[in-house]
Ligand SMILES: Cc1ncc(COP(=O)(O)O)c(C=O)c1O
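In the form predicted alone, a lone chain appears below as structure tokens.
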Amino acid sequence: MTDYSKDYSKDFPILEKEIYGKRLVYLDNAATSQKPDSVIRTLSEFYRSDNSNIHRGVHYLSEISSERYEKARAKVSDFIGADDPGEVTFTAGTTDSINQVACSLKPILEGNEVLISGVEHHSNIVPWQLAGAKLRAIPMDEDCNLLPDSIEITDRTKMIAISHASNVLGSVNPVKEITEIAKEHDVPVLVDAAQSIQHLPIDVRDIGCDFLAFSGHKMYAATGVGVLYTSERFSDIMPSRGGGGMIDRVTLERTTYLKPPLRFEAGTPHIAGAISIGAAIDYMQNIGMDHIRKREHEVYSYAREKLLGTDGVTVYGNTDLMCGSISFNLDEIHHYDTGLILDKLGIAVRTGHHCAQPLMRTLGTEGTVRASFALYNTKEDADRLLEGMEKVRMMYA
């Protein structure tokens, strides 16, 4: 039997920190993950020894920086199963990635329809509205399981944009099944993988999506950097940003653009951030994504079952496959108050609507407490959460 008890928290320096005299239990990973020593060292070493702008310099540091940046792109390509590193664009994060697609496709989307799910983050809602599209949600049941058989695609449907995993519920959506339906109607699919890239093995060829977006800071890398995968069939779409580094030829009358990925990377990118994604991928692959998935599932399932078995606690969502996040409320106690008291006990959770107001309205609540898990969390962390909740309840008894 595989041993999933190894304490990976020792790889993450910040987890040695005490909060109000108590060991930190960090359960806000859906917002941002902590960083292992290997990623921190990579960032520090880049700025100490290799820092330079990329691609346009002929000097030594520029060549080294360019090489490291493109090596990180190749690692991402391999990590997500892309056909070619040219399908990988570095962006400022998931939100930026989705905005770039929406902006590039605005002439097609404006006045037409984008299908989404009812569990989407605002970042997969607002950009499509800004592009002039009308949104329609794929039906789901009372447990927030999407119902692919109920998908209705019309002549006005120009995109399906779907989260792989909900940042609120932890529910994993059947993105491959949805993509297969979309292909029958030649409708492109964007997958928001911000909440799955760190938990589940992902293969864009197997999923069959046209776009995939995710952020570095949720997968143990730096903030302010992310990835947009664009399939070859959309490689010639208009770039959403213009500037240096992405042009072929510029005149005052007309500009032509380079081939992807540089076509979509105007200006100086977050070079160190991209390199940190490469370092984070190295860290995860050294452990093994299957091992990470199984280990996290063991801790996640333990925590969820404990919460479901606790009187006076409402746990939201219940789908066949779940990972990462669990949202709940203590009956008659405001989510903000719960989070505030847990913080005083050294337990970091998130409270509020989690940038998912339409879902909150469906759930019939203004907000929840969200505990979200990562590789370094343990069953002991889950027990601390339960003990903390009991203290919250005693305070309000």
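Computed from a prediction, not measured in an experiment: that's the story for all the values here. Residue numbers here begin at 1 and follow the sequence given.
Omitted from view is the form predicted in complex with the named molecule, to which the following refers.
Using a 4.5 angstroms threshold between heavy atoms, residue 173 stays clear of the named molecule in the model of the complex.
Contact check for residue 30: a heavy atom falls within 4.5 Å of the named molecule in the model of the complex. Within this chain, residue 75 is remote from the site of the named molecule in the model of the complex, having no heavy atom within 4.5 Å.
Not displayed here, the named molecule is approached by residue 195 to within 4.5 Å at the level of heavy atoms in the model of the complex.
Residues of just one listed stretch (297-305, 67-75, 209-217, 178-186) have heavy atoms within 4.5 Å of the named molecule in the model of the complex: 209-217. This chain is displayed alone, yet in the model of the complex one of 327, 94, 276, 230 has a heavy atom within 4.5 Å of the named molecule; that residue is 94. Think of it this way: in the model of the complex, the named molecule has a heavy atom of just one of 117, 100, 167, 89 within 4.5 Å, and the residue is 167. Contact annotation for 99-134: residues with any non-hydrogen atom within 4.5 angstroms of the named molecule in the model of the complex are 121, 123, listed in sequence order.
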